[in-house]
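Just one chain follows, in the form predicted on its own, and it is written as C-alpha cells.
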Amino acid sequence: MGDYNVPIYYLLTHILHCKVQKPPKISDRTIELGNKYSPSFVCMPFKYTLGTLLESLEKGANVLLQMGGGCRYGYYYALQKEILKEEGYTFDFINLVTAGKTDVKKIIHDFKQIDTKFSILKSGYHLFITMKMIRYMDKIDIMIRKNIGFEKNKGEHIRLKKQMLSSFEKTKGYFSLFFTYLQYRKKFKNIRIQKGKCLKVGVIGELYTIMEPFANYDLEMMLSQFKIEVTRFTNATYLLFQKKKRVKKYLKRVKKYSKNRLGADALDNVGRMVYLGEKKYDGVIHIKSSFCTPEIGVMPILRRVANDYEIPLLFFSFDANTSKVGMETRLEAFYDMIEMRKKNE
C-alpha cells in the first residue's frame, strides 16, 4: 500500500531472524490473479491483496503477514487463507489485526513460533523507529502534494523522494533516521517552485484506494499536471495515531448530516467534506473501490454537503474494468469546470 512497505520491511528485517521478502510491486498481473480467484462482488482491495499474496507465494514465501480492520477488510484473512489453501499452497498466515482489534499477546506468540530468537525489547525499539519513519514519510508527502504541480524542474520531487526512501531503508537507529529526515526535509524545501494563486482540490474516500496509487491510476499525479494543489487527509499516521480522536470531532461537525458513525471512514469523509467547504476549496474528489458499502452509503450525504457549500464534487469508483482513458476524460472536464468557475468568481 503506497510506500509503506519501506518501514514495514525495515521493522521485519530488524526483529526477525528470517529472510524477509519484499512484496512484488502491484501490476496488471496482480489484478488478474486477484480477480481470478476472488468472489466477483468483493471490493477491490481484497483482490489487490490476494493477488499480492499469490505472487509472494510464487516467489517462495512460506509465512504471510496481514493487518487490517474497520470494515470487511478485517475479515479478509479467513477467506483469503481458504482460497490460497484450495490452490495448493502451504504456508503460515499471521493476521496482526482481526476485526479492527490488535491482540499484542497473540502477535508475540505468533512471532515466537516462526522465530525462537524473537526479542520483545528489541522489537519495541525498532517498532518505535518504524512509527517515526511513517510519520516522517507522511509529513514529506504532504509537502509534495502541495508543491509537485509547481516545481520548476519536472520530476524533482519524485527523484528526491526515491532517494529518501532508499536512505530510510538503510537506517541504523533513531538518530540516524531523524537526521536523514531533517536533511531531506531541507532538500524538499529548497526545490524551486513557481506558484501563485492556484486551484485547490481535496481528495477523500476509501483508505486503500486513496493510499495505493495503482488502485486509483495515480490520481494525485494527474491532478498535479493540471497545476492543482492537492489535499489528502488519509495516511498511515492518521489511521494509526489520530483517527480515534478525530472521529469524535467529526461527529460534532457533521451533526446536521449524520448522527451515526456510518462505518469505516465514511463519517470521516463527511467531516472532511464540511471542512473543505468551509475553507472554500475549488473542488472535491471522492474515490472508492466498487462494492465498498460504507462509501456507497455516504455518497448521498456528500452530495448534500456539496450543495450546501456550493462546492463541485466528483465521484470515482474503481474496479478491474475501470477505464483509465475514461477517468482522464472526466478529470479534464472537472478541471475545466472548476477553472472556469474560479475565473468567474
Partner chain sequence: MNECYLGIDIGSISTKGVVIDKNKKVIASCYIWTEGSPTSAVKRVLMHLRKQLDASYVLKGIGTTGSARKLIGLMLEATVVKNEITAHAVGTLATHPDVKTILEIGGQDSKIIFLQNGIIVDYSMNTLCAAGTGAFLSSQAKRLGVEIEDFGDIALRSENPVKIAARCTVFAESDLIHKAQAGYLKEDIIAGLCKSIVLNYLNNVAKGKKIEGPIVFQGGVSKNKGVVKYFEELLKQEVLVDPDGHLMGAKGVAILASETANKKEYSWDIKDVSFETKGYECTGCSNHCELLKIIKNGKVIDTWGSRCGKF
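Numbering follows the first chain given and starts at 1. A quick note: this is a predicted structure, and the numbers were derived from the prediction, not measured.
Omitted here: the form predicted in complex with its partner chain. The next part is about that form.
Engineer: Which single stretch, out of 213-221, 242-250, 122-130, 87-95, brings residue heavy atoms within 4.5 Å of its partner chain in the predicted bound form?
Structural biologist: Only one stretch qualifies here: 213-221.
Engineer: Which one, Leu314, Leu33, Ala61, Leu65, lies within 4.5 Å of its partner chain in the predicted bound form by heavy atoms?
Structural biologist: Going through each option in turn, the one that passes is Leu314.
Engineer: Under a 4.5 Å heavy atom criterion, is Ile26 part of the interface with its partner chain in the predicted bound form?
Structural biologist: Although its partner chain is absent here, Ile26 would touch it in the predicted bound form, with heavy atoms inside 4.5 Å.
Engineer: With the partner left out here, check for me: in the predicted bound form, does some heavy atom of Thr329 sit within 4.5 Å of its partner chain?
Structural biologist: Yes, Thr329 lies within 4.5 Å of its partner chain in the predicted bound form.
Engineer: With a cut-off of 4.5 Å between heavy atoms, is Lys279 one of the residues that contacts its partner chain in the predicted bound form?
Structural biologist: No, Lys279 sits far enough from its partner chain in the predicted bound form that none of its heavy atoms falls within 4.5 Å.
Engineer: Looking in the predicted bound form, any heavy atom of Phe334 within 4.5 Å of its partner chain?
Structural biologist: Heavy-atom contact with its partner chain at 4.5 Å: present for Phe334.
Engineer: Taking a heavy atom within 4.5 Å as contact, would all three of Lys187, Lys189 and Gln225 count as contacting its partner chain in the predicted bound form?
Structural biologist: Not a single residue of the candidate spot has a heavy atom within 4.5 Å of its partner chain in the predicted bound form.
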